[in-house]
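The chain below stands alone, shown as structure tokens; this is the form predicted alone.
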Amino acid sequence: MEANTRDRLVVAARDLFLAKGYNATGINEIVRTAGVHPGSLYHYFPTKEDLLVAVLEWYRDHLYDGLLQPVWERIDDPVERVFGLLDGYRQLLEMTNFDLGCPIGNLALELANSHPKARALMQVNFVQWTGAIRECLDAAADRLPEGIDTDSLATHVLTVMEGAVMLARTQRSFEPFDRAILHLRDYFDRLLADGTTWSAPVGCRPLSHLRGDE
């Protein structure tokens, strides 16, 4: 029963932080949403930041079943898994009318400068995310240029995703998201086409054909 009460508090805080942000979410609202007595919250989480840490730990511990598994079970090709995961963020934007984005990205923008303990866990979550992408890229290593830095490429994918989500939410339009993913897809297509014969520096090729120059 105690574990259930703690879990209910974490889930309530997780959903409210995602929908409203950390600072805009009050303790009373968390307690009310969780359906528990206020004393229960302070029993498990003496401070609101302790609850924030628990939420970030939840995301850390549920990366696979909460985010990756639905895509991994549906798609076998490791490169297509990357784009399937990105499409999941697009679907989230569509389902919520641009109200929700990446939960870790949202918290990082809001709290990275003010909550160092939480920032460390945000970094862990980002490292896990990029690690999952890197595993996909490593699984496709025989199709990519020899010696490519899959860790850096995974970080690039994360950067594209976070930026695309942020711009889509700001503009309340899929146009910037779709353009960003289109360019990323083009880059991957070039890497896959070149394969182990590829020897030019990463990023040296222009995307002029996407602008209609070719």
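When you see a residue number, it is the position in the sequence shown, counting from 1. Keep in mind that this is a model prediction, so the values were computed, not measured.
Omitted from view is the form predicted together with the DNA, to which the following refers.
Contact check at 4.5 Å (heavy atoms) against the DNA in the predicted complex: all three of T5, P38 and Y42 pass.
When the DNA is considered in the predicted complex, only one residue from Q69, Q171, T47, T159 comes within 4.5 Å through any heavy atom, namely T47. For L182, no non-hydrogen atom is located within 4.5 Å of the DNA in the predicted complex, even though that partner is not displayed. Shown alone here, L167 lies farther than 4.5 Å from the DNA in the predicted complex, counting heavy atoms only.
Taking the partner from elsewhere, N28 is found to have a heavy atom lying within 4.5 Å of the DNA in the predicted complex.
Partner contact region in the predicted complex: 30-38, out of 184-192, 151-159, 171-179, 30-38, criterion any non-hydrogen atom within 4.5 Å of the DNA.
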